[in-house]
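Given as structure tokens, the chain that follows is alone and in the form predicted on its own.
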């Protein structure tokens, strides 16, 4: 079983800005953590936990005292001895005290750097503390770096500089994101215009080429790792496996039911956690299997698919057609997207809806 904990304190690029201002009040933070504990006790059935992801938001924005409260709550979980425990952070939050506290509490740190470009950092109303980043790399062996691209006026040379700085840090994992403008964010409100698709594609190709040359394995559409350091938690999603989601706005998938928690703080604090739930049909479950599984460069195991659904994968509508069109490829064990079409994979996913 995998578990995602949503701590909705975040940077100004996220859609929770006004919400975060309110939650900077310690009174609300304490109430939120108590509600989180109540939700976990109500939903969690005691399963062995193989991956635990503490994200958001940015949980590192919690004070050291509130971090201690959070990790006290997490003792409820029955963690596997080899459980992958990931914690999301911004560089400015990585104080010496927090690094020391987290060092023996987690197995994987994810730092939302996004970019080293000062102009873009200012645009995003973010901060970057390079000294803290260096300290984190000394303390944690398994570190992920988030890289964002596709900003207005950003050039391939700008992106190359970001890539070079990240590679110099030598993280075990790199997650890449093309800028998407979400409603209610600063950039969306200011009618910010991202780059056009052709330049974004060139940037994606540059990322893939550069990271491959530096011994990073592309194991998913936007994720790269050193050998043996794929994100076990994210693979839970892409393998269409069960996971709990706890916290405001979190989503989960348990025993063929997908659910989404409320985004209303007032409702959440009252204990009205779930906004909606949906029992998935076999057809919908198989659709998700393809939409999620084909994000992985290795694709979907034919044997596992047969075991899960008692169906030959080639019996699924569209598979043979896509194989004939060379959009999907196969080997002895798997069916996967032709690497030439990974960037435009949404056009392939649509075939399964």
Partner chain sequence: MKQENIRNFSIIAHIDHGKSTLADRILELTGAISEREKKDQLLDNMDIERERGITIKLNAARLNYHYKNEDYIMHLIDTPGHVDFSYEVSRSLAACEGAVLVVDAAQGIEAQTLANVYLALENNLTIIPVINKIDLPNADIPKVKKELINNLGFKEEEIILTSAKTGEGVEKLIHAIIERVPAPNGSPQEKLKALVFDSYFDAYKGVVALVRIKEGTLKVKDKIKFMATNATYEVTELGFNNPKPQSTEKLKCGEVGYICASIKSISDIKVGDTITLENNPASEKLPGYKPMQPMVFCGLYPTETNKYPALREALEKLKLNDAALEFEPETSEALGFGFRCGFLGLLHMEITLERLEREFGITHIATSPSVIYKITKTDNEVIYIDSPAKMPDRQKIKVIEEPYIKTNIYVPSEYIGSIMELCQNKRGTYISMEYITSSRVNIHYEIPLSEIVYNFFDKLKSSTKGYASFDYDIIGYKPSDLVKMDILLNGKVVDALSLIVHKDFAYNRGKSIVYKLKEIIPRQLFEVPIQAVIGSKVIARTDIKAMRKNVLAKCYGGDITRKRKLLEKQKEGKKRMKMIGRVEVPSEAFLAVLNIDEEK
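Everything numeric in this text was worked out from a predicted model, so none of it was measured. Residue numbers count along the first chain shown, from 1.
There is another form of this protein, the form predicted in complex with the partner chain, and it is not shown here; the text below is about that form.
Asks: Can you pick the stretch from 161-169, 123-131, 232-240, 70-78 whose heavy atoms fall within 4.5 Å of the partner chain in the model of the complex?
Replies: Only one stretch qualifies here: 232-240.
Asks: At 4.5 Å between heavy atoms, is residue 343 in contact with the partner chain in the model of the complex?
Replies: Yes.
Asks: Look up in the model of the complex whether residue 291 has a non-hydrogen atom within 4.5 angstroms of the partner chain, and give yes or no.
Replies: Residue-level check for residue 291: yes, a contact with the partner chain.
Asks: Does the partner chain get within 4.5 angstroms of any non-hydrogen atom of residue 312 in the model of the complex?
Replies: Residue 312: no, not in contact with the partner chain in the model of the complex.
Asks: Although the partner chain is absent from this view, report whether residue 197 comes within 4.5 Å of it in the model of the complex, heavy atoms only.
Replies: Because a heavy atom of residue 197 falls inside 4.5 Å of the partner chain in the model of the complex, the answer is yes.
Asks: Counting non-hydrogen atoms within 4.5 angstroms of the partner chain in the model of the complex, say which of 178, 106, 269, 208 makes the cut.
Replies: Exactly one listed residue reaches within 4.5 Å, namely 178.
Asks: Quick check on this chain: which one of 265, 143, 254, 251 has a heavy atom within 4.5 Å of the partner chain in the model of the complex?
Replies: Looking at 265, 143, 254, 251 one by one, just 251 meets the 4.5 Å heavy-atom criterion.
Asks: Going by heavy atoms, what in 325-353 lies within 4.5 angstroms of the partner chain in the model of the complex?
Replies: Counting only heavy atoms within 4.5 Å of the partner chain in the model of the complex, the contacting residues of 325-353 are 325, 327, 341, 342, 343, 344, 345, 346, 347, 349, 350, 351, 353.
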